[in-house]
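Heads up, the chain below is alone and in the form predicted alone; it's given as structure tokens.
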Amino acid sequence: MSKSLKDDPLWYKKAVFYEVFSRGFYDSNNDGFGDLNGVTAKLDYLAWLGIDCIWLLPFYGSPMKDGGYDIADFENVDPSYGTEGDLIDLIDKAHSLGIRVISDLVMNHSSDQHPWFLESRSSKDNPKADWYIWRDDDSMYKGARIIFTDAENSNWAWDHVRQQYYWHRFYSHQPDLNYDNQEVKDAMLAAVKKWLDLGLDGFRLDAVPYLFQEENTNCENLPATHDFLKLLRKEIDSRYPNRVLLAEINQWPADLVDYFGNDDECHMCFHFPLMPRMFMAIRREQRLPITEILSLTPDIPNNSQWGLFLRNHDELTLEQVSDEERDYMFSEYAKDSRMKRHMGIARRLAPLVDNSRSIAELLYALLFSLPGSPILYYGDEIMMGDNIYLKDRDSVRTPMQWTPDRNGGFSLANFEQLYLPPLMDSVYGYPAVNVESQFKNPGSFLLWIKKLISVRSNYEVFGTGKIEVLHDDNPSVFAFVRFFENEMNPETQTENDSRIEVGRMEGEDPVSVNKVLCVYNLSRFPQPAELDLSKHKGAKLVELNGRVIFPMVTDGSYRLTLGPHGYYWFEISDQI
């Protein structure tokens, strides 16, 4: 393992993550299904792109009713993905390229085909009888909401074998584990240790707010859940340094922040409420949806980090918006009813923004500059499309488009063998949108994303700095400064501050990068901006992409003009 992987306990705060659905990434043995060896075969591409960490969707044993999130074996690789040796090979080769690897861990539930559940349902007095939550009737926990309202009408399901009801927060084929049972906790901790021993750099923890239940509550965010996460974190910190726990918690910011604990629960949490408001701000052409949610986001511990994303393997969730806002988002982004899934929109980024490159660039620039670590979803770096005619979330899990050749270069299997059909339409299909053609095109979106990743990686302040939102009378302009805390109070700066020389262009000497100004035009029309930069009087602004020097800040007011959906990233510098 390289020195950079071993010696940076806060690597996740500066990392760019890349989410990989292994089944849809690359088929190494031409059976129609992507696999772990397929991910390994494409590591050079990911290293070229510049990402820091791969997030693998579940590769564990599963009947695959829910894309592998219905786990039937927590401690073995599903044969369709390969072997444990294939996983070790992937991890080792990724580490040799300076890339870390994390995986999903579904803690809340298992498949109803898991041997644990099959034994539990067999009788009321078997050794695993209370590994799941059984009741004689379905009257308990009425305060718990139904998450998949379009697929389930209750959180209880009747089991004809045991002649009792079992509890499930998601699909009925995914019974919840009983974390009041110490043996369940021990079994899950054993699975965690098994994969970390093999070299994984951490986990994305699926659906953790629902681990425990309590009558007369909504069965979410309970104190017992936080106690278990503290136990998990303690176990990992004591035996596996420099690993990360990234929590999937689709909750309001005030509840989200509790999952960081006092730097003793999860290292990272997805900022779910921010994501839909970025799309809302683009349609309304106003910054208010973003600035409002940022103002409602509490501070987090110093060693913690937000996980930021535009799209992922699920629907664009609208759980954390008002009913009025949800109706607005549906009307703007899901005009066809087939685009709706659960309480969200099953679309990839490019179709959501009507294939507008300028909007896509604006959204990614926001994603890469707001406080948090950005997460790319496979295929979005080439603006892949989706297939709304496929069931459930398969619409956004179609094969990666590598080339304009057969099956998009994903597999040499016959078309009918593929796990899902590749996109073949004239706008988003693989003949028009693929890695090979964009790699050859200097003006492609892929090369633009690669450049954006490179620039962000050169400026540590994006990952670890604070944020100060600037006021502008123009509601379409969103501006903020990213800074290290001592920079806003120069008298506290020390001579040994090592953060001032971390970014440079190739062949140049290091430049001061303690402060970065980001300015965005959320409108489809050109817009003027007038910013109060009185705190930075006398500084020069250097545009980060091309190192172009802009006029000095001579007084408190600084004027800019931004093109439609345009943006600037500036270094605020006294050294040119």
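Keep in mind the model is a prediction, meaning the values are calculated, not measured. Residue positions are given as counts along the sequence shown, with the first one as 1.
This next part talks about the form predicted together with a small molecule, which is not shown.
- Arg393 is the sole member of Lys450, His226, Lys340, Arg393 with a non-hydrogen atom lying within 4.5 angstroms of the small molecule in the predicted complex.
- Exactly one listed residue, out of His313, Arg284, Arg121, Lys93, brings a non-hydrogen atom to within 4.5 Å of the small molecule in the predicted complex: His313.
- Comment: 66 to 74 is the region of 519 to 527, 535 to 543, 66 to 74, 27 to 35 lying near the small molecule in the predicted complex, near meaning a non-hydrogen atom within 4.5 Å.
- The small molecule is not drawn, but in the predicted complex it has no heavy atom within 4.5 Å of Tyr333.
- Contact between Tyr141 and the small molecule in the predicted complex is not found at the 4.5 Å heavy atom cutoff.
- Heavy atoms of Arg204 reach within 4.5 Å of the small molecule in the predicted complex, making it an interface residue.
- Mapping the unseen interface onto this chain, Glu248 counts among the residues with a heavy atom inside 4.5 Å of the small molecule in the predicted complex.
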